[in-house]
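Next up: a single chain in structure tokens, the form predicted alone.
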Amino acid sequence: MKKMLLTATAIVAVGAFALTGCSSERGGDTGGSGEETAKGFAADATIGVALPDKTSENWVLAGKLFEDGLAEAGFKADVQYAPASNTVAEQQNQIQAMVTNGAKVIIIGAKDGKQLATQVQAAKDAGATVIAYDRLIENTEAVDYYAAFDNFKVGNLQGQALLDGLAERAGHEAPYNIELFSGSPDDANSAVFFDGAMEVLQPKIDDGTLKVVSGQTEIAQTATEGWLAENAQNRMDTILTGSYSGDTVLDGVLSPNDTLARAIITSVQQAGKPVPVVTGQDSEVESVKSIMEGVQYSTINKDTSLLVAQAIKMVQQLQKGEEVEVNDTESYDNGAKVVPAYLLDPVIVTKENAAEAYANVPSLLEIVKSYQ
């Protein structure tokens, strides 16, 4: 499996809310979409935005940015969240309602990208354009575009950060004892993050530099259902009990995002063991604080305002009947087609480069400066 990404046009209302946010092959095409462009539609058309839940800062911010940015651009925004407690059926119903209500473009952050093919096809049949946002929608030819960060690169950065952190903090030479965590199996990004990280880590496992003491190296073993912190903490508890009794030291943990990173750290602390090098993603406030305190080692800066701005730029191009700009037409095969994508670059963040990484994110830069 391979990766997924994006660009940004200055949309003033969106830029005002700059913050960071939150999972394959790569292509080098930076030209057109490879898709037939829309013939245009009314400048005040309804644009549907279906987001998966409010379990992370990223999704909450994205919803606010879409509401404000689409309104600033002159559209009617219909932003909906699928409640975290519900199944994917709620998002399916929301998307169908957007189709029924005549949305010209529907932007979807999928709750489960494998279960939306029927709704996406209904949107296509009604003449709407579908943009997959952050998470790829799978097994349907009816998805038109994909806007995301380069998630394979996210995994690469996380894997390299784990190696760098081990060299910096482990206090001994290799081999290093590590454990691997991946995201929810219903999120197409989870495998991309994991594959990107393992491209960096697997050679070091093979040559003995790294040792996965639990033996759990397959994505099915490392998955965290629902991206839920309690599931990561419970699994870490079990691993510590089964594999790290006595003097066996845990040196590092690959964590795919900040919420899980904090849960893993909590598990280790409650077990009375030294905190290992732990990676993350999404630049959540509590994790940025933890990084500045020297606890969590790293996170990833994915500026949600830029991703939302790119999705809105695509909507504006569609409204005018213009060609939609993409920069990758090879990487994102959803099982039915290669989806034209616009990918943005993620940035690794550690204590050492946090001020630079968050130079354009005032709220996080203020936190960083408070520790300096």
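Not measured: the values here are computed from a predicted model. Don't overthink the numbering: it's just position in the shown sequence, from 1.
This next part talks about the form predicted together with ligand BGC, which is not shown.
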Exercise. Closest heavy atom of D150 to ligand BGC in the model of the complex, within 4.5 Å or not?
Worked result: no
### Message
So, W227 and ligand BGC: in the model of the complex, are they within 4.5 Å at any heavy atom pair?
### Response
yes
**Non-hydrogen atom contact T279 with ligand BGC in the model of the complex at 4.5 angstroms** = no
*Answer yes if any heavy atom of S56 is within 4.5 Å of a heavy atom of ligand BGC in the model of the complex; otherwise answer no.*
yes
Interface check vs ligand BGC in the model of the complex: of R235, K302, K104, R262, the one with a heavy atom inside 4.5 Å is K302
Only one of 185 to 193, 268 to 276, 170 to 178, 237 to 245 sits within 4.5 Å of ligand BGC in the model of the complex by heavy atom distance, namely 185 to 193
Residues in 241 to 277 that come within 4.5 Å of ligand BGC in the model of the complex by at least one heavy atom, in order, are N257
